[in-house]
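There is one chain below, alone, in structure tokens, taken in the form predicted alone.
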Amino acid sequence: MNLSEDQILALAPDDSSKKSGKDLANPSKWANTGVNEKALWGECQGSGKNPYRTQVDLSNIAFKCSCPSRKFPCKHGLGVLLLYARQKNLFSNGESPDWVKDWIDKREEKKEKQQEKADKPVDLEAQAKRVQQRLKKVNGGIDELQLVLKDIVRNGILNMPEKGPALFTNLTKRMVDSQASGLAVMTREVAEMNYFSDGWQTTFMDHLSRIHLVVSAFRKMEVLPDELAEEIKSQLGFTQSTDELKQQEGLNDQWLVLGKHTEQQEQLFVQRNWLLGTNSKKYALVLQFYVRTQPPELNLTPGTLIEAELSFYKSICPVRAIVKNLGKTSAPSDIKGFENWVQLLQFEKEQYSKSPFVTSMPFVINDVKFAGDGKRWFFNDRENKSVAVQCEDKKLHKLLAVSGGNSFSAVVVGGEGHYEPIAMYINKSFIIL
């Protein structure tokens, strides 16, 4: 395990946890620290009588702590990991104590049970019955959605700034009730868009066009090619069975974790992990869903290189995947991305020509320089072609400070001319923005 401080701090749930974690990365705060090939541990004295027992699963960077914090990871988990990154000599090598060993054993036992469950035969008849019941609910929800779309087209969009948020919030609830989670995400985006910004009408109609395209295609799925039909089902919220994905042949590669973004949707946290296969040059999106009291199964750290086998969901342009098997983690020695903007835009064009549902994607572009006039900011490639980037001031200042006017490899997320930098690679260091 060889994570940089930036990579460790990227695991923090918020800024206050980052600050507290840094404060706790102090040898005077810790006792009985140790490490072996499976785990890292230590005891941190808090305000109570007994010290907090903190442990880290090094095979998958998972945390556990006896403190009462509901954050994941807590400040103690960040602190002990930062301390190890700075001063490995403070951690004795050897057998883990019982409280660490019990936790690691339970995690390994859980993985074995999950594998046993995956190996069990599927009851196809019961599965087909559940699918039919859900399809009936989805069709009912779509009927109501199409009526609303027709009313909007008939009456125009002039009154949408007043009616839109409430109208689409109610539609979102209806889509959730009808088990069309994908449509719920789309209608929520319409409800939450800024109706008082310049050009809101274009954004609004783009959203409506996408919704109309999905529901219209769903009504004709029986005549669509298999891959397109699977794409439509995915857009609606149907997911391919994880068990089926684990059984199909995956793609083995060394995957660079480009970025991670977590957002809260009511009581559920949705984590997006973007990966790039260093040999296959294939991009992948690994989604994880979890609640606050139950941390995600995988902890993928931006800037790390992982040996893994990924299984991709069926699609015209397969991007979403699950991690089928996970191996060793290391630091990248180099990052190979697109050589210039022309290559990147050509790749985008190819994806859009295959599927109208391609949205935001990650990209790596090499040898760019940061340029701007204080109002607009650009990445200039080696051929001096400029493309505008959009990000908050904090990221811009970090880009300027770290690059110092020199070229670097940029990791951006976006599409159709709208890109946001999320990381950079310079002087053999992966910097998370």
Partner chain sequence: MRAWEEIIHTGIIGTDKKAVNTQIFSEELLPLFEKLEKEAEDKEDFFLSLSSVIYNYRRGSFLPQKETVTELPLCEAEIKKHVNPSQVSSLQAVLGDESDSLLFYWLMQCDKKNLITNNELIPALLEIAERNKELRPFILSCTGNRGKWMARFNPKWNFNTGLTEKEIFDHGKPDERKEALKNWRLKSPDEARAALMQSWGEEQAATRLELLEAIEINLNKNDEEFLTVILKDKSQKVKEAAIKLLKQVPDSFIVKEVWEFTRPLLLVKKAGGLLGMSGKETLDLNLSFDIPEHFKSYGISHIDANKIYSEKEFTLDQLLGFIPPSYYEDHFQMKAEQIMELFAKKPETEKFISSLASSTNNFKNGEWGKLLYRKYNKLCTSVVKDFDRELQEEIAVATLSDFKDVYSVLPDRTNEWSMNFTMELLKNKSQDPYGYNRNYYKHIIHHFPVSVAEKLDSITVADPLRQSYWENLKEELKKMLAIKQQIIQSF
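Here, rigid core means the biggest group of C-alpha atoms that superpose within 1.5 Å across both forms. Being a predicted model, the structure only gives us computed values, none of them experimental. Numbering follows the first chain given and starts at 1.
Another form, the form predicted together with the partner chain, is not on view; read the next lines as being about it.
Trainee: Residue-level question: is residue 377 within 4.5 Å of the partner chain in the predicted complex, judged on heavy atoms?
Mentor: Residue 377: contacts the partner chain in the predicted complex.
Trainee: Taking heavy atoms only, is residue 174 within 4.5 angstroms of the partner chain in the predicted complex?
Mentor: No - in the predicted complex, heavy atoms of residue 174 and the partner chain never come within 4.5 Å of each other.
Trainee: Closest heavy atom of residue 405 to the partner chain in the predicted complex, within 4.5 Å or not?
Mentor: Yes, residue 405 sits close enough to the partner chain in the predicted complex that at least one of its heavy atoms falls within 4.5 Å.
Trainee: Should residue 420 be counted as a contact of the partner chain in the predicted complex, where contact means heavy atoms within 4.5 Å?
Mentor: Residue 420 lies outside the contact set for the partner chain.
Trainee: Go through 157-165, 131-139, 239-247, 103-111 and give me the stretch that gets within 4.5 Å of the partner chain in the predicted complex, heavy atoms only.
Mentor: In short, 157-165.
Trainee: By the heavy atom within 4.5 Å rule, which residue out of 341, 312, 269, 195 makes contact with the partner chain in the predicted complex?
Mentor: Contact residue from the list: 341.
Trainee: Which pick from 221, 291, 316, 153 sits with a heavy atom within 4.5 Å of the partner chain in the predicted complex?
Mentor: By the 4.5 Å criterion, the partner-contacting residue is 153.
Trainee: Would you give me the residues of 357-381 that have any heavy atom within 4.5 Å of the partner chain in the predicted complex, in order from first to last?
Mentor: The stretch 357-381, when checked against the partner chain in the predicted complex, contributes 358, 359, 369, 370, 371, 372, 373, 376, 377, 378, 380 at the 4.5 Å heavy-atom cut-off.
Trainee: Cα of residue 409 displaced 2 Å or more between the shown form and the other one, core superposed?
Mentor: It does not reach a 2 Å shift.
Trainee: Any CA movement of 2 Å or more for residue 25 between the shown form and the other one, core superposed?
Mentor: Yes.
Trainee: Comparing between the shown form and the other one on the rigid core, is the C-alpha shift at residue 388 2 Å or larger?
Mentor: Residue 388: C-alpha displaced by less than 2 Å between the shown form and the other one.
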